[in-house]
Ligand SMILES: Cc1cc2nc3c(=O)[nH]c(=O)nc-3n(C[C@H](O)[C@H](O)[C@H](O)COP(=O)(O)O)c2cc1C
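Presented as structure tokens, the chain that follows is alone, the form predicted on its own.
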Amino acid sequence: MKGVVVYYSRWGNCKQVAESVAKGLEETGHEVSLVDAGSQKALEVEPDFLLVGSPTRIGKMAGPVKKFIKKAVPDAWEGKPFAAFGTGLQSALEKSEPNAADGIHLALEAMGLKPIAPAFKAGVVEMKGPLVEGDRERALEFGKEVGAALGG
């Protein structure tokens, strides 16, 4: 299957997670495009499945991801499988505070897409990073799990 991993990353942490997720999907035999949510290319994609990720900003997804979901997702994606991922402060994740991944998951599900996995959350040590040790590997495993759930 062909898929797209759309992400936004201000400090590079969410990009690292997106790259690891995409690698996991590729390792399970899927063809994957990695696309920055702020690029025009993000509005032109329409593969078989979608993964969307964002850093957490005050408990919510970043503006470019919200804009991508609002402009690119309606109609064309209804009924297609998706998964959401996000980065956020590890201290907030430990307290189960809202995360961008949760908002993305809810927004895409409300638009008629079909969740294939629970939202994935990676931690960052401080606002600008780095990622919590081991979270790139967890993101790779998440990509593999999603890829296996999608089948061939």
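Note that the structure is predicted; figures quoted are calculated from it, not measured. In this text, residue numbers run from 1 along the sequence as written.
In what follows, reference is made to the form predicted together with this ligand, a form of this protein that is not presented.
This chain is displayed alone, yet in the model of the complex one of Lys41, Arg57, Lys114, Lys67 has a heavy atom within 4.5 Å of this ligand; that residue is Arg57.
Interface residue remark: Met127 is counted as part of the site for this ligand in the model of the complex, having a heavy atom within 4.5 Å. Though the partner is left out of this view, Arg10 does reach within 4.5 Å of this ligand in the model of the complex, counting heavy atoms only. Under a 4.5 angstroms non-hydrogen atom cutoff, this ligand in the model of the complex has Ala92 among its neighbouring residues.
Using a 4.5 angstroms threshold between heavy atoms, Cys14 counts as touching this ligand in the model of the complex. Along 102-117, a non-hydrogen atom within 4.5 Å of this ligand in the model of the complex is carried by no residue at all.
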